[in-house]
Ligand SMILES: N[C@@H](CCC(=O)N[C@@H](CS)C(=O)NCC(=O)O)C(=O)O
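Consider the single chain below, provided in structure tokens and representing the form predicted alone.
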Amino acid sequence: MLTLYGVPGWGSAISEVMLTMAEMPYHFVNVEGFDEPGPQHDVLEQLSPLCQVPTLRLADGTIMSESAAIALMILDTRPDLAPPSGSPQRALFQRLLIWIVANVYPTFTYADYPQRFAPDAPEQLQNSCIAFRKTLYQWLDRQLVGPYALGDNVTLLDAYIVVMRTWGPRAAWFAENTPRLSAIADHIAQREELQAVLRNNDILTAQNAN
């Protein structure tokens, strides 16, 4: 059994959706409050020195972090959740998977904790990150096809889209400014096999939030 350490609605939700897509059972451990000193932080720090969610413990005790690494692990078992090797779509899949975590994720790190990185101007850093994130989402929207991210078949990229659409700048902004992203998230949110995990992470509720 896999053990996933995370917080409902946070980045670990992406890994939960991916594991559910792949029909890989896991035990979820809620470490809410891990980002402040306390017992949850101590539990997670023993597993992952950077104290990150998601942190995934494999059946043999191996520890994994980084959602893209978890995605690649899943593809070892479920290669059908990415386009075929050697296809143009596979190259785009690989590019966008790394692009999201390398470019979009840092905007949350800095905007959510601006006082850690710019104590003299936290509000300025936060506003700059949020504005930059919007331009990133608009670029990503132009790369996608539909009804899923890369066409007719669901891929692990769709797990990112359905979760991240519920984060800032929220669903109403996505609907107005990134119609492909919004439509793909709507499509994924309707999949029957994902209903429980989406509910557990408040994604079905948040998709309608402003």
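All of these numbers come straight from a predicted model, not from anything done at the bench. For every residue, the number given is its place in the sequence shown, counted from 1.
The next section is about a form of this same protein that is not shown, the form predicted together with the ligand.
Note on the interface: of 143 to 151, 22 to 30, 50 to 58, 173 to 181, the segment with non-hydrogen atoms within 4.5 angstroms of the ligand in the predicted complex is 50 to 58. Of the residues given (109, 124, 77, 138), 109 alone sits with a heavy atom within 4.5 Å of the ligand in the predicted complex. This chain lacks the partner; the member of 73, 92, 101, 118 within 4.5 angstroms of the ligand in the predicted complex by a non-hydrogen atom is 101. The closest heavy atom approach of residue 113 to the ligand in the predicted complex falls within 4.5 Å. Among heavy atoms of residue 66, some come within 4.5 Å of the ligand in the predicted complex. A residue is said to contact a partner when one of its heavy atoms sits within 4.5 Å of a partner heavy atom; residue 132 fails this definition for the ligand in the predicted complex, lying far away. In the predicted complex, the ligand lies within 4.5 angstroms of at least one heavy atom of each of the following residues of 6 to 23: 10, 11, in sequence order.
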